[in-house]
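Below you'll find only one chain, the form predicted alone, shown as structure tokens.
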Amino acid sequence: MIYLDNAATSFPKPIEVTNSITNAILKNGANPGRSGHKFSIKTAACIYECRKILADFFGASGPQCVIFTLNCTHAINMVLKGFLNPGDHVVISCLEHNSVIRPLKNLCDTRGIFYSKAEVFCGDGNKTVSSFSNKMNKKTKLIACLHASNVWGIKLPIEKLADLAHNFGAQILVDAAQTAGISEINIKKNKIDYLCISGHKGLYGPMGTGVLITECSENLNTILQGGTGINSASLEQPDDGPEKFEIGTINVPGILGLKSGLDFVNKIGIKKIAEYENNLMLYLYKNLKDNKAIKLYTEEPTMSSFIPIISFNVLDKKSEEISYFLDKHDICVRSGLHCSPMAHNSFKTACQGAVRISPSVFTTQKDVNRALELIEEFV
């Protein structure tokens, strides 16, 4: 099997991740923060170590800025529903994933939030920022945007958008599901207020892991309440973070697996990973573009403007037909709308969908060549 669906979740995982998950069950099986015995304290120390590594990795002030979540979508919901009030205005991009659109739609219906959609101009950050600026107004409280499109790979100029938000007295939420572990992100340097991360993609952790990193947690109300392991005598949710937001027992095996994923990425280096994966996708792009039956929707990908994702179609064939053909030959890709109908509407591919190829550090040139051979055969 050749796995080219790493934008959905990375596979395979590094052996260190698998070993960490097993060891977490065998050697760190106590509930952290819920008991005073040594076994529980040992597990809590391991979790704290992961918080420290995440804080360093993303340039946060310390482990108190790291909140563990179920996934990136959970983190996004925590910010949108914990931060916005009736009458608030939000600006989003035209490429957003349903993880942003659906909670915003719910808030429009239930809380009187309203939002505007800004156009993204591929490779022209200044024009994109100008588009966002034209949508801002006195009621704008938040820019909520992805760092890079999960369909087209297009990167947004998040630091410039953060400056724009702050100039209007607003804040910025960045959906880094596709960029964490592939692009350098520093919340202080990039001026990000709320960074929402998927642990199971570019960070090579297990599924069911996500993170919210923020220096502004005091601005958020909780969307869930319950046991936190602290202030148990009070019926009020504690104000201390990150425990304030981590309701119930956390995913210890997943978090310790994520820690090993972070160690794996740190050992190789983000820049090296990005260069390797981007070179594979540049090679794929150049080999696809000469075939007149194949539709490519963006310009040639560069590291400054794209992450390593290529989406394409063959003539007017449904994208599912292509992915089904590849699957029969043991090539795993993603087709359809990728949970991002807005991104497809922007490129007029909502009816056809698109076939997405996304590599990992484990993808080889041989894998890409085999995919190219089969795409040629399908054509």
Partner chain sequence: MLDLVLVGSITNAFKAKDILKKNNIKTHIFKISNKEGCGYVVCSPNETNQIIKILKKNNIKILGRFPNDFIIS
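Computed from a predicted structure; not experimentally measured. Residue numbers count along the first chain shown, from 1.
Heads up, the form predicted in complex with the partner chain isn't pictured, but that's what we're talking about next.
- Looking at 336-344, 308-316, 34-42, 321-329, the stretch with residues near the partner chain in the model of the complex, meaning non-hydrogen atoms within 4.5 angstroms, turns out to be 34-42.
- Interface membership of P253, defined by any non-hydrogen atom within 4.5 Å of the partner chain in the model of the complex, is ruled out.
- By the criterion of a heavy atom within 4.5 Å, E215 is excluded from the residues contacting the partner chain in the model of the complex.
- Shown alone here, G241 lies within 4.5 Å of the partner chain in the model of the complex, counting heavy atoms only.
- With a 4.5 Å cutoff on heavy atoms, I223 does not count as touching the partner chain in the model of the complex; it lies far away.
- Scanning I268, I230, A293, C108 against the partner chain in the model of the complex with a 4.5 Å heavy atom cut-off leaves one residue, I230.
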